[in-house]
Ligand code: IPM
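Taking the form predicted alone, here's one chain by itself in structure tokens.
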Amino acid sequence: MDKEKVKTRSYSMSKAYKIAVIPGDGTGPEVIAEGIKVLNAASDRFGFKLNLTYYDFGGERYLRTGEILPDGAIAELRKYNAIYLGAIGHPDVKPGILEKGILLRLRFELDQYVNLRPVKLYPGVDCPLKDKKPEHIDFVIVRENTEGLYAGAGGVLKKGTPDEVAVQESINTRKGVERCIRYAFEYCKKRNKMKKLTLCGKTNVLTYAFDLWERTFHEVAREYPDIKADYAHVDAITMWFVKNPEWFDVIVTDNMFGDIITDLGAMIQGGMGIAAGGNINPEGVSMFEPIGGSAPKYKGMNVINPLAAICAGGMMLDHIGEEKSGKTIENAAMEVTGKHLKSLAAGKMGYSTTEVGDLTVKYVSEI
């Protein structure tokens, strides 16, 4: 399997973590490079070691070899403490090939059953919502990540004819629903903010799937009497994200609704340039990534915002047990947005990609 030599920083440290790095396509390698700079600064300050192994999975490899993920890739990735991903998507590859062949395959085969998406407005970031400030937007979405409409169940009959029928089935299992909900309750407990967990569903229409979700939600809630169990229809959630985002603490939902409301969340926190996420398997290997795409039109221009990738790196450290260093990276990113950036948009930050990385390194070392 093609991979770069392991890059190990030599220190006499007791804690060491194996990280698989997939820089990906477009501007992915650029933002990951800045994320690695910041991760190395955190490891220097807090006394742990990162053993990084790079993999070239993505569009260029596919165009060169016709191979999406080589044999043995999944088994090899299981050996790491975490995966750090740039972005997948190449303008010369038909949409869906890389996304399904890499992103969805990794999520499903590594059983990364939770998509974790913090939605937080940082200081200095323009919010499209009138009169909303950082104290109003600070919640987390826990999205089920391996079932629902994304399971790929269904089929087509009489394709291309006037009588064509297309069926896409949403698969929801008690096991899959319960483990996602239980993760959300535990996360809400650890977060210890409002102690409120909201189930986002559509019980008045999707009466089979969300009956399972709602029953399971309230059964698990009995084990967490200190957490308020709340419910809202998905259409109401989209309204309240805009009108009253301060109402929310942690939200749990299925795969499709989660896909939709996390993008709305990204917009109210200032855009994809600051949105980071994790694909979580609490018992296995998890993967962390910036939410925005590969942005190939900005490739090589040194103008793309790396903060989403940097914050994803902070989430990764928090997940593997380096909570203090993960929080320091987030605080450093907040210093950068609050004191320096004119905008989060590519080419409008007032700083280059590498300069934003350098500023974050500076604050990681100082604050």
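In case it trips you up, residue 1 is the first one in the sequence shown, and so on. If you're wondering where the values come from, they're calculated on a predicted model, not measured in any experiment.
One more form of this protein exists, namely the form predicted in complex with 3-isopropylmalic acid; it is left out here, but the text below deals with it.
**Student:** Just one stretch in 230 to 238, 103 to 111, 206 to 214, 246 to 254 has heavy atoms within 4.5 Å of 3-isopropylmalic acid in the model of the complex, so which one is it?
**Tutor:** Stretch with heavy atoms near the partner: 103 to 111.
**Student:** Can we say Lys49, Asp318 and Glu330 each have a non-hydrogen atom within 4.5 Å of 3-isopropylmalic acid in the model of the complex?
**Tutor:** No.
**Student:** If you check Asp126, Glu99, Glu186, Glu169 against 3-isopropylmalic acid in the model of the complex, which one has a heavy atom within 4.5 Å?
**Tutor:** By the 4.5 Å heavy-atom cutoff, the listed residue in contact is Glu99.
**Student:** Of Glu76, Glu178, Asp259, Glu219, which residue is found within 4.5 angstroms of 3-isopropylmalic acid in the model of the complex when only non-hydrogen atoms are counted?
**Tutor:** After the contact test, the surviving option is Asp259.
**Student:** Can you tell me if Tyr224 lies within 4.5 angstroms of 3-isopropylmalic acid in the model of the complex, counting non-hydrogen atoms only?
**Tutor:** Contact check for Tyr224: no, nothing within 4.5 Å of 3-isopropylmalic acid in the model of the complex.
**Student:** Against 3-isopropylmalic acid in the model of the complex, would Tyr150 count as a contact residue? Criterion: heavy atoms within 4.5 Å.
**Tutor:** Looking in the model of the complex, residue contacts with 3-isopropylmalic acid include Tyr150, since a heavy atom lies within 4.5 Å.
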